[in-house]
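Form predicted alone, single chain, as structure tokens, below.
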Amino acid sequence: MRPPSQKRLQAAKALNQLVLRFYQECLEARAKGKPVGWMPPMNGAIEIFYAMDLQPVFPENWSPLCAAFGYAPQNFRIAEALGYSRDLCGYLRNIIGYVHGLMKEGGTPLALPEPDLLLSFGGGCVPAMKIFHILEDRFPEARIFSADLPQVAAEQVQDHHVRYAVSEMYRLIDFLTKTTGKKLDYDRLKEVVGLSNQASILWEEIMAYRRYIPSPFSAAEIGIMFVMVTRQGTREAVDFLTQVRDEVAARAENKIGVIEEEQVRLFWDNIPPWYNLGLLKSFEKMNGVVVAETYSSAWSIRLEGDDPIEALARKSLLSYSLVSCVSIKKRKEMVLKACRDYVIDGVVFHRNKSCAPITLGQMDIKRALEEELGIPSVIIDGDHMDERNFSLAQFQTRTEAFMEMLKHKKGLW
């Protein structure tokens, strides 16, 4: 039986309304004739869209919602019937199945509007790029913008990479101006980028409070990340995150943890299982709390400086480099640092069938954790989108044995 995925942060309870409002806004935009653009998340296009009063839509972000609402299995069946292998990324298979199935049929409480524009940024993982190539065939009327961002590791980004990314941002603005008739107001863009920077600062503050013992909230509530994907550059995101930050700060200062007695602090590596975030709470019955994870690290990028275009160009270069396009050496450094910062007792490696780039190197990181920090870990086989690649019995058997071992190691068992 699935553990319930209930929200314990009061501020996070507003998340459902925020999600609903975003997708209603997307559909209304289409109905009102406001240009709708589909794009990957984690790049500077979202701020430009909000500054130009265009509607951004994120098919990758739509996939976790489909998993949470139970639409994903039907979408997978349709994608596989079209010839897409079950071994491909779950995000890719879900959106392909959706645009060829439920999107045409209608009848779902939430839905995506058809795109007027398709933006492919040329960066990120291969499936993120291939999704847009496939969508071009499904929506032949949409105007297409293909950026040419270089794939550079975050620590190797140099000035000439930034200059090239800036030129691509200006090319995007020219494309949007010509295809939509809307002009960019640079004062408005500065305002939007300032709001986006505020959201990143708040996000980092919220994550920092999780270092407190006991932790004021867990990975099971990481759905608040929705605002960082869809609402960066808006007052709505800043107001929501301010509420979350204030509540988390109060809980940390008053030593109010996720559970009554936090004994074991855990780190989750890889994308969580969107179809059942309640799994992240299953450790709590044995006094364990998942206090940090890999996936939330890419939302703290600052957008500072006098030039908002350059700030967005840097963001576009760095975002994917901090999640899926990162070397094993860098990933190992990031995981070990997080384990030190968050006083981690044990690490759960999600061997994610749907995401090879993030799964690659887990054995090296596991070995480094043991040798350099003496931190044990366990590997869980699964998939962040496709529940068919997950066994609840295996998960329970491995995690319960792991928790027993960690508690014995700490003299608690």
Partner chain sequence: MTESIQAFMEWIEGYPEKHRALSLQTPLVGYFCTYTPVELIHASGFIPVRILGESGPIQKAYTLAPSFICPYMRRALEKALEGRYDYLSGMVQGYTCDVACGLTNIWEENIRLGFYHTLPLPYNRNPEARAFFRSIFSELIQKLEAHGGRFSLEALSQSLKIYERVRGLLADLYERRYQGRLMLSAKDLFSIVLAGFVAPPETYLQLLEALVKEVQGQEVIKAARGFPILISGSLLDDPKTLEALEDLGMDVVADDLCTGLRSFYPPAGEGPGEKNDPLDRLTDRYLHRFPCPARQRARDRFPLLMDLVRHSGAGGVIFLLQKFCTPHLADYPILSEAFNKEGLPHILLEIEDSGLTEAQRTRLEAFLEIHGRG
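Positions refer to the first chain, counted from 1. Please read all numbers here as calculations on a predicted model, not as lab measurements.
Quick note: we don't show the form predicted together with its partner chain, though the next part is all about it.
Peer 1: Pick the stretch from 84 to 92, 252 to 260, 212 to 220, 187 to 195 whose residues have a heavy atom within 4.5 Å of its partner chain in the model of the complex.
Peer 2: That would be 84 to 92.
Peer 1: At 4.5 angstroms, heavy atoms only, are His160, Gly361 and Arg367 all close to its partner chain in the model of the complex?
Peer 2: Yes, the whole trio is in contact, each within 4.5 Å by some heavy atom.
Peer 1: Would you kindly say which of Ala208, Cys325, Val238, Leu318 lies with a heavy atom within 4.5 Å of its partner chain in the model of the complex?
Peer 2: The residue in contact is Cys325.
Peer 1: Which residue among Glu310, Glu204, Glu168, Asp116 has a heavy atom within 4.5 angstroms of its partner chain in the model of the complex?
Peer 2: Going through each option in turn, the one that passes is Glu168.
Peer 1: Against its partner chain in the model of the complex, would Asp306 count as a contact residue? Criterion: heavy atoms within 4.5 Å.
Peer 2: Taking the distances in the model of the complex, the answer for Asp306 is no, it never comes within 4.5 Å of its partner chain.
Peer 1: Do Ser120 and its partner chain come within 4.5 Å of each other in the model of the complex, heavy atoms counted?
Peer 2: Taking the distances in the model of the complex, the answer for Ser120 is yes, it comes within 4.5 Å of its partner chain.
Peer 1: Looking at the partner-bound form in the model of the complex, is Ala147 within 4.5 Å of its partner chain by any heavy atom?
Peer 2: Because a heavy atom of Ala147 falls inside 4.5 Å of its partner chain in the model of the complex, the answer is yes.
Peer 1: Classify Asp341 as contacting or not contacting its partner chain in the model of the complex by the rule of any non-hydrogen atom within 4.5 angstroms, answering yes or no.
Peer 2: No - in the model of the complex, heavy atoms of Asp341 and its partner chain never come within 4.5 Å of each other.
Peer 1: For the stretch 331 to 363, which residues lie within 4.5 Å of its partner chain in the model of the complex by non-hydrogen atom distance?
Peer 2: If the 4.5 Å heavy-atom criterion is applied to its partner chain in the model of the complex, 331 to 363 yields Lys332, Arg351, Asn352, Lys353, Ala356, Pro357, Thr359, Leu360, Gly361, Met363.
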